[in-house]
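Below you'll find only one chain, the form predicted alone, shown as structure tokens.
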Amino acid sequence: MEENSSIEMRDAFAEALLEIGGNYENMIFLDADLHTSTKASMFKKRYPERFYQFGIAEQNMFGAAAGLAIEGFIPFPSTFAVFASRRALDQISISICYANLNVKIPGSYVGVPTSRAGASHNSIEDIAIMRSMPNIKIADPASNNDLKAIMRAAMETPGPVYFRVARYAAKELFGSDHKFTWGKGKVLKEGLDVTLLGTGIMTAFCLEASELLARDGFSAEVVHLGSIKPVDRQCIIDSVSKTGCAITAENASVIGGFGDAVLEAVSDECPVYLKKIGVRDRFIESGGMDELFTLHQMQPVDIANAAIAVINSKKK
């Protein structure tokens, strides 16, 4: 596994926007007064005629995105994930998802890495909220190249797409030629004793946990599931039926999110011992990033300890 990327995921987001803007003349960017934070200011500078500032009026912005999609544009209405998933949910649900319109929604500043912004800006429930709506696809990238591949795939995918952008310099797990496919997971490391199922930046934490487990004599299989909806049910079932137990890890709430998407697949086809790693039923405090990952028991060592617990349960 390589060292952390030299740039944050929001910088990779900006780079991908420029690439997409060059390839799709009907792609336009809608901003809710956050382009300096999301780094979309790069797109504004390159394509000022395709950049529209709505100010702090997210509901209006998503309503406009629906109208623009009807007219044949591919709008990117951009804001922090917490405002997309809560403040503008009605417009996303009725105006975009119900109408199945071709709108691509980047949700920025997701999960624990938004640690200094406080509870008002920490989005931990966005996966659960978005996953509950029909017609929309959801992705959480593990790294910068994964994000860029997701954004390219989103442009080729008809209908609404929601993808997460963490303010985090993630470890790069994929090459520049990486391809993303909806509903397909990827086994990053094979193992026999336990399956570590990660999405988003937590996949790298799962890989680190697998190394800790190896020191104790355990063989962990690591699977990255960047596509949360649809999720790769067959990949999950194939892995957990081999190992007999599993851990899910997400940079989000464990209630209704990625872990529950995995549980739905496992309970239907192959019930096993499973524990979920993520934010429990609480808000995120303001604090240091590493401090909060520790507080919420989401560090690689926490994943490894949970894995040992399910392995022991399986043996009993």
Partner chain sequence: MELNDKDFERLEEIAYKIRRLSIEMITYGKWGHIGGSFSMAEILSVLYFKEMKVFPDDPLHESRDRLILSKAHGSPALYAALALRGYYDKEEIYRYCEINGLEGHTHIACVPGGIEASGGPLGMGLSVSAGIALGLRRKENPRSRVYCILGDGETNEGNVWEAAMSASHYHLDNLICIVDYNKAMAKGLIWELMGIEPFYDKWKAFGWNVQEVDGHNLNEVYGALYKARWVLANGKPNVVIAHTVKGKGVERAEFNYKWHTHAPDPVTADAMLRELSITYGREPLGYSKLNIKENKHTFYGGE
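In this text, all values refer to a predicted model and were calculated from it rather than measured experimentally. Positions refer to the first chain, counted from 1.
This protein has a second form, the form predicted in complex with the partner chain, left out of what is shown; the following refers to that one.
In the predicted bound form, does A66 have a heavy atom within 4.5 Å of the partner chain? So A66 counts as contacting the partner chain.
Contact between D90 and the partner chain in the predicted bound form at 4.5 Å, heavy atoms? Output for D90 is yes: heavy atoms within 4.5 Å of the partner chain.
Please determine whether A99 contacts the partner chain in the predicted bound form, using a 4.5 Å cut-off between heavy atoms. Judged by the heavy-atom cut-off of 4.5 Å, A99 is in contact with the partner chain in the predicted bound form.
Taking heavy atoms only, is I70 within 4.5 angstroms of the partner chain in the predicted bound form? So I70 counts as contacting the partner chain.
Please determine, with the chain shown alone, which of 249-257, 263-271, 46-54, 277-285 has non-hydrogen atoms within 4.5 Å of the partner chain in the predicted bound form. Of the stretches listed, the one contacting the partner is 46-54.
Using heavy atoms only and a 4.5 Å cut-off, determine which of L192, A119, V187, I94 is in contact with the partner chain in the predicted bound form. In short, I94.
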